[in-house]
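Heads up, the chain below is alone and in the form predicted on its own; it's given as structure tokens.
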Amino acid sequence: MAGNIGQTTDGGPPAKARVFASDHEQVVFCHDRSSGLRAIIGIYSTALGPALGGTRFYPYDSEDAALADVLALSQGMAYKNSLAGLDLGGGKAVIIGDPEVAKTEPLLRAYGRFVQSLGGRYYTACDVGTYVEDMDVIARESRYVTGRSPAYGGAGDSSVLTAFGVFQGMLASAEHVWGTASLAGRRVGVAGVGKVGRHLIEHLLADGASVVISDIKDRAVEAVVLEHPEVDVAVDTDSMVRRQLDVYAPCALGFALDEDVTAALTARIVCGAANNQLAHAGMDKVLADRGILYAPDYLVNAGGVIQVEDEIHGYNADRARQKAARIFDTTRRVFAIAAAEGVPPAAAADRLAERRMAEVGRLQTIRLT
């Protein structure tokens, strides 16, 4: 894919065109000088339908770092939506800046106008640094916003169903490794106890697991300990992965699984909510060679996107939860394909997602009128 759409909302010159070595359909650089908005929207594929993916608000070190993130995240969303059985393509957006400092109503509304300008090719929702209240603001400028608050007809916080889906994937992983779909008596390390990690801990404790946590934000750890004093707290994630664990759940930012972490891991299973957990291609094989079962992140963390997709059609909580519960069966299917074809689970998940995108996507060539 070559080129991008560059434009500003204040009459300024278009952004400088770039050429990307990627298969993305479209990459949009968004800049509004008056509000300070600097954002990038990546649309990887619309083979299955409009691209859906959240908006991440994060203080990237550079625009290149933000671009790399949005390209990886939007591709991951295409695979996630495909595996979840949704009629949606993959997209993602990033807003560059510290949300605690830079987030304002004018900035969010300016961003909403860029989303609207894509005419429905991209639907946005919450992600790291954005919340349902932000989606309500963005929706004042765009019809293509989901993950809104109940006051505006939305489903509310999607992290609840994301955590539920990760737990389903973890149960399927436990069944594959230990023969029982339960974490009772197992020790689970949760790295990142923000929106999703906090809810995941509730499922684990209710199932009888013991939990050790870490987070770069002391207040996040303190909030969990206040609610669940029985959890153990690690000094940091590096020290936690070296503890005796049965399951490691990365629930913060991506690229958590590199050579050093993988070499230090004692866990038999890696299953968490973070996107793009593998530091680079080939890490899935490194995990497999060490006897560690990796549940692909975009497979198990699809509960949130299932919720926001359901909201587009008029949210029904029971229906959405039933869809998310299917993550258990899909995870089992991925493990079965991996065993049958002699590949790591991540490769099996990729094949399953790509097959659906190709087989269903081709239907677009059949004219209906």
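One-based numbering along the sequence shown. Everything quoted here is computed from the prediction, not taken from an experiment. Throughout, rigid core stands for the largest set of C-alpha atoms superposing within 1.5 Å between the two forms.
Heads up, the form predicted together with a small molecule isn't pictured, but that's what we're talking about next.
In the predicted complex, none of the heavy atoms of P99 sits within 4.5 Å of a heavy atom of the small molecule. Among residues of the shown chain, G85 is not one whose heavy atoms approach the small molecule to within 4.5 Å in the predicted complex. Although the partner is absent here, H176 is not a contact residue: none of its heavy atoms lies within 4.5 angstroms of the small molecule in the predicted complex. Using a 4.5 Å cutoff between non-hydrogen atoms, I216 counts as a contact of the small molecule in the predicted complex.
The three residues A184, A209 and C271 each lack any heavy atom within 4.5 Å of the small molecule in the predicted complex. The stretch in contact with the small molecule in the predicted complex, judged by heavy atoms within 4.5 Å, is 158-166, chosen from 278-286, 158-166, 116-124, 137-145. For the options P296, G189, G192, G89, the residue carrying a heavy atom within 4.5 angstroms of the small molecule in the predicted complex is G192. In terms of contact with the small molecule in the predicted complex, the residue from A234, A223, L253, V132 that brings a heavy atom within 4.5 Å is L253. In a rigid-core overlay of the protein, L73 has its C-alpha displaced by at least 2 Å between the shown form and the other one. Taking the rigid core as fixed, one finds a CA shift for R56 of 2 Å or more between the shown form and the other one.
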